[in-house]
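First structure 1, then structure 2: two forms of the same chain, each alone, as C-alpha cells.
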Structure 1
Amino acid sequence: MNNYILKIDCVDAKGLIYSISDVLYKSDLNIVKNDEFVDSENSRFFFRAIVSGDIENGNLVSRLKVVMPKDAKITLTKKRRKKIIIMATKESHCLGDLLLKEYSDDLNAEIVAVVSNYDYLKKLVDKFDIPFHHVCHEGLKRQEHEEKVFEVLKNYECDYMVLAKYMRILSSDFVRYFDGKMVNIHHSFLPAFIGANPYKQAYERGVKTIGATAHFVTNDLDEGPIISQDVINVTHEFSWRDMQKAGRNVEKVVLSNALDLVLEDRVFISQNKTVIF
C-alpha cells in the first residue's frame, strides 16, 4: 500500500473539507484517516490525512493549491522512516533510550549521528555502531563551537535534530537553521522551573509533582511550542538528587513520545503552540 501524509495549514474558510475531499476523490485517492481542527481564535484551519492510492506528488499538491486559500501550506509526504541527529552532553538516559529503541525497531527513525560537546557518551554510542562526534566547546566562543558542529552536521542529511539533554544554549542562528525541526527535552513541566537545574528549583519550592516537557526549540529558551508533558509525584523524602533520578524516567518517556508524534508527521506548529493529531 502506498500511504501518504497530507498536511494542510491555512486560514479558515467555508467548504475547505469539501474542497480537499473533492480533489482527493477525483484523483481516485482514498482517505484512510483524517483529522481536522479549527483554531477559531486565530481563524486557522489544520488538516491531516493519511491518503492511499497512486499519487503523482507535484500534481496533487498543485490541484489542491488551486482550491485552497492562497496562504495554504500543503505538504504531501510518503510514509517513511525519518533521519535524525541527536545532540547530547553527559547524561545517557534519553540518548540510550533512543539508541535502544532504534536497535529494537521501536523508533520510527534512523539515528544518523550523535554529536556531543563531551566524549563521555562515545563508548555507549559506539556499542550501537552509530557515528559519534565529539565537538569540544572548551576555549571556544559559542559561534566558533557551533561552526564546528555545523562542519560535522553538513556530512549528514537529517529530518529532525533531537536535543537529548544537550546542556548548552544555542545561538539564534543555530535555532533558525533548524526552525521547526529541533526537539528538546526540558526536565520540568514547563513553564515551571525554566532555566538551570529545575530539580533543585523544584526541591527548593517543595513541589509534590515533578515532570518533563518536550518542545520545539525557538529563540526563547524553554519557551518553544510544547509537544508532550508528563509528571510524577514526589514527597518530602525526595532530595533533589532523588527527584533527578526519578525524573529521568519521565524525561526519556516524554521525549520518546514526542518524537513518535513528530516522526509520524502528526504535529503542526501554530505560532507558539502545537496542534497534534
Structure 2
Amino acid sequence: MNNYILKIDCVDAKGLIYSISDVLYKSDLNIVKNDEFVDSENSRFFFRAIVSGDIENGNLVSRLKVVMPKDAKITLTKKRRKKIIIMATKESHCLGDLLLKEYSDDLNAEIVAVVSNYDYLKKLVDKFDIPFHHVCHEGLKRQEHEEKVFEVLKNYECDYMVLAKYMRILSSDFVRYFDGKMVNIHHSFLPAFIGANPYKQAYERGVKTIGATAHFVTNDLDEGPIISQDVINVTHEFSWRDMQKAGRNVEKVVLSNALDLVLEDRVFISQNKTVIF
C-alpha cells in the first residue's frame, strides 16, 4: 500500500472531521496520522493526514469536495522524494550544507541542478555530480537575465526552488511563476542593517542576538510567510567575523529545518502566515 498526504484548507464549520473521516472510511482508506487546527480569528480550518491505501486521486478529491465547504482547497500527494533546484551566488555555506545532506541521504529531496549568477561555486557542486549552470547577470537587465535563467530551468522538473543566499532581487513575474514554491533564507538583521556587510554593522552596534529566517518568497522583499526561525546569543567578545561565522551556522540550520517541513508537506500558506503541522 502507498502513503499519501491529504491537506485541506477551508472555512471552519461543524462536522468537518466527521465528514472527512467518513469519506476516507468509505473509500477503504486508513488514517495513519492526522492533525487539525482552527484559526478562530479568521474562521479557517486546516487539516493534514497521512493516508494509507490504494487511491484514485481524482475520485477521492471529488468525494471530499462534495462534503467540504465550497471554498475548500484540497490536495492529495503521494509521499515521495521531491525535486529541488538551488539558486546561489557566492556564499557556499547553505548550498554546501544541502549538498552534503543529499549526499548522506539526510535530505528528503533530489537536487536536480544548481543555478548561479557567478561561477564561484562550480567546483564545489561538481564534486557531487550535480549539474551546475552559470547564468551571468553582468551587462543584462533583470528581465533579460531572468529569461536566460528560465531557459535553464525549463530543462528540469522541480517541486521547489531554494534560494541558498541568492543575492538577486527577483521580478514579480518570476516570483508569480513559482508562487508558494520558492524558499529563501536571510539573516535576522533586516531591516536594521542592510548592505554588503551587515555583521560588521551589527558588531559596531553591539548586537547581542543573531538569527535567521526562512520564508516563502513574495513580491514584498524578505517579508513572505515565515517557515522557520532561530537565534543564538553573542557577546562583546565576538568579533564581526565571529558573528558572521555564527550567523552562517544559524542560516544553515534554519534553511535545513524549513526544507524538512516543506518537503514533508507540513506547511499551509494562509495569507502572509504559515500553519505548520
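Here the rigid core means the biggest group of C-alpha atoms that line up within 1.5 Å when the two forms are laid on top of each other. Every value quoted in this text rests on a predicted model; they were computed, and no experiment measured them. Structure 1 provides the reference sequence; residues are numbered from 1 along it.
Checklist line | Structure that is the form predicted together with a further copy of the same chain (1 or 2) | finding: Structure 1.
Notebook entry, point to check: When you overlay the rigid core, is the Cα of G206 off by 2 Å or more between structures 1 and 2?
Noted result: Yes; G206 is a residue whose C-alpha shifts (by 2 Å or more) between structures 1 and 2 when the cores are overlaid.
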